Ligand SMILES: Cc1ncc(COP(=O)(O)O)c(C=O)c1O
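Before any questions on binding or motion, here is one chain by itself as C-alpha cells, the form predicted on its own.
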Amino acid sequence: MTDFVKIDRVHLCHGPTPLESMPRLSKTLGCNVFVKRDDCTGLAGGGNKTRKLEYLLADANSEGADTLITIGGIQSNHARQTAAAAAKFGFDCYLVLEDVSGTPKKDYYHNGNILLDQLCGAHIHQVADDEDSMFFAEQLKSQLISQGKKPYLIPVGGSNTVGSLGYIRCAQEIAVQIKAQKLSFDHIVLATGSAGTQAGLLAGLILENIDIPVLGICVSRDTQAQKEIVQALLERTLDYIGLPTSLAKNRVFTDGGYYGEGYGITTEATIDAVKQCAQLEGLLLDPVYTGKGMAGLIDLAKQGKLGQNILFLHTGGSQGLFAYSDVFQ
C-alpha cells in the first residue's frame, strides 16, 4: 500500500476545517445535524477544490508546468480556486468557462465567481453551452505548447485520482474530529457533481476503516449515472493508493431526486434550504451545489431516512450567491 502521507502536495488549505453542530436546524428537523466546514479552506473564499488543488499543483510542478488550464461553468467554484492557486504559485491560468442555459442572467456574467477569476488574473475563454469545452481546452493546450508554454490540464472539478487525494485527507480530519468530540454519525451527506469529493472521501474512510454511509445528493445527474461515475473514480483512487478495488463494493450511495432541471438551475427546495441555513445558523450555502445537497438532507431527514445523527459536508460556493441575486430577492 502507498504511504499516503508521503504523496507530494503543496500547502493551500486552512485546516483542519471545523466540524460543528447546527443546533437550530437540528431542532427544526428533529435530529442532530453537524457540518464539516470545508467552505473555510481559505483559498479565495475557500471550498472543496482547495484540497484537490494541493495535489494537482504538486503534480503540475513535478511535470515542470508553468500554466494551468481547467474547465467549468461560468460560475465555477473550481475555476475560482484554480485561478487563485495559480496566482499563489506563479502559474499562468486559462479558464474555459461554459455558459449554462436556464440560469438567471442578471448578474451571471459579471459577478460572483467570474469577478473573482478576473481579479486573480486568469485568462478567460467563454464557450456556449452546446460547445465541447474539453475539445476547446485540448486545442488551447496545443496552442500554448506551440507558444513555448508547458500547460497542465486539470479536469472538470479537479476530479481525477490525483485530485481525489484531497478528500482522503478530509476523511482523516473527520476521523480525528469524531474521536475528539465523541461523536458518531448515521450518515454523511454532501452535494456530488464531478465525483472527486465523494470518491476521495469514501477512499479516506475506507483507509481509516470507518463505515459511515456517504450519500451524494446529485446536482446534475440521475441516481444511477452519478453512482457509476463515483464508483469508477473510487475504484481508481483505491488502486492509486494501493488498496483493493473490491473495498469499493456497496459503498457508493447517490440520490438524483433533488437536482431539478439541471446543473446550475435552482429549485424551490434549493432556495428554501439556502434561506433556512442562513436564517437559522448564519451559514451561507450556494445555489448550485450545497443548496441542493442541503435540500436533499432536509427532505430525507424529515422522512427519517438518515438516522438521528447526520454530518453535512459543506463544500463551499457561497461566492456564487452574488451571481444569483435575482433568485433570492
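In this text, all values refer to a predicted model and were calculated from it rather than measured experimentally. Residues carry their position along the shown sequence, with the first being 1.
The same protein also exists as the form predicted together with the ligand; that form is not shown, yet it is the one meant from here on.
- Proximity to the ligand in the predicted complex, defined as a heavy atom within 4.5 Å, singles out one entry of Ala248, Ala195, Ile188, Ala85, which is Ala195.
- The stretch that touches the ligand in the predicted complex, counting heavy atoms within 4.5 Å, is 41-49, out of 54-62, 267-275, 25-33, 41-49.
- Interface membership of Thr237, defined by any non-hydrogen atom within 4.5 Å of the ligand in the predicted complex, is ruled out.
- Although the partner is absent here, Ser220 sits far enough away that none of its heavy atoms falls within 4.5 Å of the ligand in the predicted complex.
- The shortest heavy atom separation between Ser159 and the ligand in the predicted complex is within 4.5 Å.
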